[in-house]
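One chain comes next, on its own, written out as structure tokens in the form predicted on its own.
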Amino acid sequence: MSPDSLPNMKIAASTVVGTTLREHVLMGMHAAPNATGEFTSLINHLSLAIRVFNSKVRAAGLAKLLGYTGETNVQGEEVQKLDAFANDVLLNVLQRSGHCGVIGSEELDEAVFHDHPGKYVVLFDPLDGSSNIDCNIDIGTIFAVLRRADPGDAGSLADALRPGREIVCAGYVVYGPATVFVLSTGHGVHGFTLDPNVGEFFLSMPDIRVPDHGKMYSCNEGNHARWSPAVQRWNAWIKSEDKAEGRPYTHRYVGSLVADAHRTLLKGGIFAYPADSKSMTGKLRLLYEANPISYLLEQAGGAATDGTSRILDMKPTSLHQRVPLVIGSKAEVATFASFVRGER
């Protein structure tokens, strides 16, 4: 899973609870023989943008950042004021970092290209779960980092349209009761919690592993009538009673991908957002949501599929491509796939 672009990088070497995010990344870079410091700087810039945004999230109502802007994004979705603010913060910080040749955002129609030789591509969903903002429910930021094949050339769309298996770093942030930054650079998954008094992220969840089995399933039951017969059979199975197999599972669904994925990462089980008759190619965005979340789940020992194929093997065809997404413990994901294949 570790890409050639970050040879022998041992960021997982520092797993001492209380280590700062900056120290954690620096310790890993010291173990990389050809490290230039640019990757460390990029992560520090991302951390800065997240801390800036977090300060606004915590006082959104007071800062008059709740509600809609009156605009719609390229997805045809109404843009929240916090959506626009988060997008501007991330875009500005990444542009000023000097490390990005290509930047893609769920909120932008097109990718942003730079003539300078930036080594990296950063793709992000600045504010996941924005429909929950006004209700004060967990929201988040999701991102993926790839290394450009030829950083000496001007950036191009081809730099971004690459399979998720080529990701060199991915993460998400949950703005909940605590602000948690979950990160992987290809050597495990680690969680950092923001200390608001210090203004630093500290390692709080080293070496996160997805449990082999879980007791929860997460999906939007309101889409049941639109699901395929195979998915409906799986849904009926997971809710049916069988004490020997530990069923029925407990249902949990927030509607913010970061919140549902974070719970699944820690507790195991399964999160499923399959295709349906309304969203026939899926609902979630491959580059900004499915790929980074799948990368993290796999790094933690879980699995991710569209129901038939591994998410990280999919070759993107467009910047805002949508896909079905099923993530969780390997056993639960394998069971879902067996229903899709018609084996159950």
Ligand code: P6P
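The first residue of the sequence shown is number 1, and the count goes up from there. Values in this document were obtained by computation on a predicted structure and should not be read as measured data.
What comes next is about the form predicted in complex with the ligand, which is not displayed.
Which of 87-95, 193-201, 173-181, 270-278 lines the interface with the ligand in the model of the complex (heavy atom within 4.5 Å)
Only one stretch passes the 4.5 Å heavy-atom test: 270-278.
Non-hydrogen atom contact N220 with the ligand in the model of the complex at 4.5 angstroms
Output for N220 is yes: heavy atoms within 4.5 Å of the ligand.
So, S256 and the ligand: in the model of the complex, are they within 4.5 Å at any heavy atom pair?
The answer is yes: S256 has a heavy atom within 4.5 Å of the ligand.
Taking the ligand as it sits in the model of the complex, is L284 near enough to touch it, meaning that at least one heavy atom pair lies within 4.5 angstroms?
Yes.
Hey, in the model of the complex, is D83 touching the ligand, heavy atoms inside 4.5 Å?
Although the ligand is absent here, D83 would stay clear of it in the model of the complex, with no heavy atoms inside 4.5 Å.
Residues of stretch 125-140 in contact with the ligand in the model of the complex (4.5 Å, non-hydrogen atom):
In sequence order, D128, G129, S131 come within 4.5 Å of the partner.
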